[in-house]
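In what follows, one protein chain appears twice in different forms, each by itself as structure tokens: structure 1 and structure 2.
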Structure 1
């Protein structure tokens, strides 16, 4: 999740309050303070609030939350007379584009840094790592409108950011760090997207890299912002960037985007609207606010809100990406009201608690095994075929493998418990004998959970007779009639192994573990073991 660095001097200026009340209240709007330093604080914001991914956006929210300035933030948008054309050629590759011009910036290293991290965080969150959107901010004084967004041949050359000589777009994808990182997004494309000016100077190669020509510096006062992508979320990203810049006093101007003989003007910063009823708010939150109070809480959260009888008309700022449904507004009302003001109350309807029959069975098995002097252990269900089959002297059988294991140790989900018990013994070689342990729990067979019980006993005199008694008493305690037949399980010693049958179904095995298996696990004392399925 994005961590935003809030420099105190900047934050205090933008909010118009001292840093201490701001830092105290920030967690209550939905954030985690990661670190507080002398000059700045690092704060983590939730991924559904990209409008808070900049100090400017945080300041806007905190002014409302602290009551310094509430209600909808209004941003004037003047026409810029700058236009850009989307050529048909780029539509199959990356069809969506929104643009704006922002003038009158006073940038310093800190605010440039903030702008860069805002872009990166938007690329990550809204942009799904640039797949859905990518943003370019350009020094407009270096280029000449009108602009064009088109697809060009991979041999097209320009000087990319961070380099000082021309490279072809193909070379950028192969050699430029950003090219290497994001080339996969353009995989399969025969031509690549490009934004250029009237003289074919390159502004950017979306979603990979900007041109060096239009790089933003401290001298930059006027910028051209473009957001390309594959769906309508490009508009949201543009709104978040330009309103953040406007928070520093810059002026937003619109750009005309021509495509297929039609044209639209962006950005569109007009709020969307929703109607809330007093009753839906109060019933969801369990409190009793009137329409006026609800409107005030919404204004605190920087919505426009007008109470009309039992409903509230809400105007949602164009930078809020998280309002999909009325309940999203109700959460903001709760935040505005203050989570600490809610009085917890248990639900009224009486109900009766009930355990799950499988858990009851497992508890029973634990009781039996503990009564027999076995210690319970818990282990991972993820394992690997080497331990699960090879070390047990058993042929590799069908296993539930995971597709991208994190290590060689965890490539599949267990279908039996015994190898885990053997591993535990091998980790406890130094511990006093006799050792008797068991595990009861889930394994996976044919994609379904199955419960099994397994136990092992190791000491110098462990033998078949001991484990047979154990198996017998477990089954007797469970009230199960069983028979045993000779087993051919190679994990056990021939002549000292048996299968457990219940109504002719094989449910498990017990006996003396084969010396080869004992040695495989680095042990030397005799080990007797059993494992059975629980139904």
Structure 2
């Protein structure tokens, strides 16, 4: 989880209070204080609150929590004459873009460090390590709008950040530390994304590195902020960055983005709206608050809230990425009310707890797999048809769909574990071989919860005999009698795949992953794998 350094002089100025009451109350908004030093404190925040990944965001939240300034934060966005064009060439590579201009900054080493830390934490939290989103902040005085977002040949040269000589984009991916670290995101692309100004000066090579020309320094007063990515989360990242800068008194200006003959203006900092009922709040929290009290707790958490009879109209700030359901608002009401005010009660019926039998079996499986040299991972239960079926070389089958998915990456609940393990391998190609990982977890099959175990092994000598021996050990340690027959699973290589039968019921499959599947996930070495139901 992100650890934010809060320097007392900066924090006190932004909050308008002494550090002692601030530090006393910070844990109550969902954070752990890692250490307290003479000049600063390191605080760990939960990843569901990316708006708190900076001292500015923390200060905004604490002003409300301490009652210094409550209610919805409003940020004016003035129109600018700055525009950027998205060319068709870049859309197959990294299609999404949002931008803004922020003027009137007064930067010092501390505020620059806070801005850079916010960028990197958002790259991790929202951006999945820059794959989904990447952020660039540029000194706009060094370049001349209008800007253009386009795809260019790998031979294009510019001076990257932290270097003093021109390098081709190909060389940056091979030699620049950031290029080496994030080159896998652009693997397979024949051309690369670039943001340039009217004179073809380079601002950014997203998602890899900014140009040295627009580096932000203490002399910088006006910045151009751009966020590129592969889905709509770019807008949330932009909102978090620009509102954090506005907390220091800077002014936000919009940017017109032209694409395919149409144009949009960003950022959009308008709040979204939800309605809460008094009954649903009190039912979930087990307390008795009236509409006015609920509204006050929401305002304490920096929402707009108006009580209307037995309902509350809630305005959600544009920088809150975590509000997906009314229950998220109710959680914030509980935080504002104070968890210390909830009275603990003993259960009316005394019980003696013990682990469920399936948990005992899962624990045994984990012990077996770790003993076999595998590392356990835990992946998301939500996925999509492309990864789950298409990339696994399997026909699309019946699946449990998400009614209102928030992104194209999360449209269904997984029914198998292997695609997620393959995705993890694809994201860790830079890790030394061999790689052996496993997962035990729930899947949904025909609307029923089923526990499965899956494992994969990749290295230059991975073969059928290796994975068969793994399956043999697992089933033998479980004390199960089984038989093996030929499989027709198209995710595996014909002639090197087998089904696992227990009492003539097919409970799993193992073998060598098909070369097409390996290429679909961008892997370079043979992969062997197995997956089985836990019964």
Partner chain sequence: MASPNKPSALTANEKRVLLALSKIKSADLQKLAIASGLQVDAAMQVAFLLAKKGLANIVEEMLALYSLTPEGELHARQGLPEQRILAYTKDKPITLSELKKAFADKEISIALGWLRRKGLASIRKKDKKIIIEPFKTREKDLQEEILRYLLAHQPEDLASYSSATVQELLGRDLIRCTERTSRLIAITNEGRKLVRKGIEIEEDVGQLTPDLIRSGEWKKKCLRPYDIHAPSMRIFAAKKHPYQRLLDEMRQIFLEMGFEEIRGDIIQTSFWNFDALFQPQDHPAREMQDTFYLDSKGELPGEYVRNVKDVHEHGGDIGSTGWGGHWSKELAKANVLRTHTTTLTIRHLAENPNPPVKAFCIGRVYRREAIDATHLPEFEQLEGVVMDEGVSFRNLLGCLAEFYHRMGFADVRFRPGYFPYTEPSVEPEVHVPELGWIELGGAGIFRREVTAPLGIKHPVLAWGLGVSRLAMLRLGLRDLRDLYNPDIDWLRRYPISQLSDGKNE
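Numbering follows the first chain given and starts at 1. The term rigid core refers to the most C-alpha atoms you can superpose between the two forms while keeping them within 1.5 Å. The structure displayed is predicted, hence computed values, not measured ones.
Do you reckon the form predicted in complex with the partner chain is 1 or 2? That would be structure 1, which is the form predicted in complex with the partner chain.
Report the rigid-body rotation angle of the smaller part versus the larger between structure 1 and structure 2, as an integer number of degrees. Rotation between the two rigid parts between structure 1 and structure 2 amounts to 63 degrees.
By how many angstrom does residue 345 shift at its CA between structure 1 and structure 2 when the core is held fixed? Its C-alpha shift, to one decimal, is 2.7 Å.
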